[in-house]
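As a starting point, one isolated chain is supplied in structure tokens, in the form predicted on its own.
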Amino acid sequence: MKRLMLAIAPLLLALAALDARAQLTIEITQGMDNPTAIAVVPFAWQGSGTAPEDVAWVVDSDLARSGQFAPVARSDMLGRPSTQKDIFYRDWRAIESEYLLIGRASAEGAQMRIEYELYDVNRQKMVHSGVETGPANEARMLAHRVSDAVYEKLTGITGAFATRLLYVSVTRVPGGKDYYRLTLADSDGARPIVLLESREPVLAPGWSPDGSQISYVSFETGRPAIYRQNLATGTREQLTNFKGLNGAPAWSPDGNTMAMVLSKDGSPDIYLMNLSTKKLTRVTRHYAIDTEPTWMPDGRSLLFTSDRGGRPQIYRYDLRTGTTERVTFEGGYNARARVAQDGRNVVMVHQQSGRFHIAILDLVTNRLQVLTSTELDESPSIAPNGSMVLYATKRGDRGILAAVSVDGGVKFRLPSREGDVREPAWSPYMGR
């Protein structure tokens, strides 16, 4: 009872809205106190027919979702310039816009070109310009790249709008088996594509470092097994079929090795699989439960969850020396660690007053900060630029996705139109 779909093949990209049930919508719940005012003027369309995408609207939505910008409403705009000579700065000062983004989109055949300029209204000066080109059916991703460029110019932080999300959606069937869908979407939840549909659970999706492959756990054979799948071809490979637990796959930073949890030799332990030879190396040997491995960015050590101290805590295993040390000490429960690319910040599930929240630990200062306040938060995944954390939580009796900035200042929700959503995984930067 499964259905495979190719994620990146052009034919399926033309069907990106094939499953509206998996669509996520954005609900911003908290932003910065003094967001930067920016006017994103509708881009001029220089082509036949209508534009394949409202580029300015995508950029406007991306910047608003970051919580750091307050885009000007189109109804408040006193002009619609598309070139520098059409700009009258007094119009934008009158509505207190600090920055102005204008642009033009055109198409030739199946290719699209977006030209844009960013202006400082108070200084009456262009501060950035750029061009994005690519397939017209990828117009939305081209728009996300414009957002990335504007965001980086104004914040100094690399943008992560032109990335993608994996998540599992579950449709409840009263009196029958639920439907599990492994879904790929843009970073804003748009253009969902179902990669795998099954009546058996699908868990723990993850990305290869270059974003070309994914891994996950599927129960489609009647017991858990780890799979990897090529997004360009849809080709799947079953990596494990051992008795007992096969779970928590995690790609190494170089993409050559996968950490995983197996119980084939007794208690659940961490193993490493060479993805070329399929050779297994056992990492931990303990009577306790060792699970949820994640790699440090330098590839020299792993973080994992273990109850070897009596309660679940985060530990670090050094692959060179074979030594293990405890990382978390604050609170009686810390699990599901995920590491930012800087190797300094670790996000995790942290229990406080009987509730499970998302927290961030600075490995240098050992300062732990709780980022969320809802009751049952789990499965954190950190953006490749380290600025936001995506996680699963509850809203009423439904599972939804939510996001919070690493300083706790920005929050938004991504509920689905139907069913529960869980197990999010934020992609690395995607190849251009």
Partner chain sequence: MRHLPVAGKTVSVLFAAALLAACSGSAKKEEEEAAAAAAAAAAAAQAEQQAASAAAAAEQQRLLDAASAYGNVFYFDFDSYNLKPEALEALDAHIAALQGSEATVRLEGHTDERGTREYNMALGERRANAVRDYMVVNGVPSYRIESVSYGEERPIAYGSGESNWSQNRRVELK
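From a predicted model like this one, the values you see are computed outputs, not experimental measurements. Positions refer to the first chain, counted from 1.
Although it is not shown, the form predicted in complex with its partner chain is what the next lines describe.
Colleague: So in the model of the complex, does any heavy atom of Tyr287 sit within 4.5 Å of its partner chain?
Modeller: Although its partner chain is absent here, Tyr287 would touch it in the model of the complex, with heavy atoms inside 4.5 Å.
Colleague: Please run the contact check for Arg90 against its partner chain in the model of the complex: heavy atoms, 4.5 angstroms, yes or no?
Modeller: No, Arg90 is distant from the partner.
Colleague: Quick one: is Val364 in contact with its partner chain in the model of the complex, heavy atoms, 4.5 Å cut-off?
Modeller: Answer no; every heavy atom of Val364 is more than 4.5 Å from its partner chain in the model of the complex.
Colleague: Would Leu245 count as a contact of its partner chain in the model of the complex, using a 4.5 angstroms cut-off between non-hydrogen atoms?
Modeller: Although its partner chain is absent here, Leu245 would touch it in the model of the complex, with heavy atoms inside 4.5 Å.
Colleague: Answer with one of Lys125, Arg80, Lys177, Arg74: the residue that has a non-hydrogen atom within 4.5 Å of its partner chain in the model of the complex.
Modeller: None of the other options qualify; the answer is Lys177.
Colleague: Scan Gln341, Thr324, Ser263, Gln352 and let me know which has any heavy atom within 4.5 Å of its partner chain in the model of the complex.
Modeller: When its partner chain is considered in the model of the complex, the option within 4.5 Å is Ser263.
Colleague: In the model of the complex, does each residue in the set Arg199, Asp397 and Arg422 place a non-hydrogen atom within 4.5 angstroms of its partner chain?
Modeller: All of them do, each having a heavy atom within 4.5 Å of the partner.
Colleague: Choose from 144-152, 112-120, 237-245, 273-281 the stretch whose residues reach within 4.5 Å of its partner chain in the model of the complex, heavy atoms counted.
Modeller: It is 237-245 that comes within 4.5 Å of the partner.
Colleague: Counting only non-hydrogen atoms and a 4.5 Å cut-off, give the residues of 198-233 close to its partner chain in the model of the complex.
Modeller: Counting only heavy atoms within 4.5 Å of its partner chain in the model of the complex, the contacting residues of 198-233 are Arg199, Glu200, Pro201, Leu203, Ala204, Phe219, Gly222, Arg223, Pro224.
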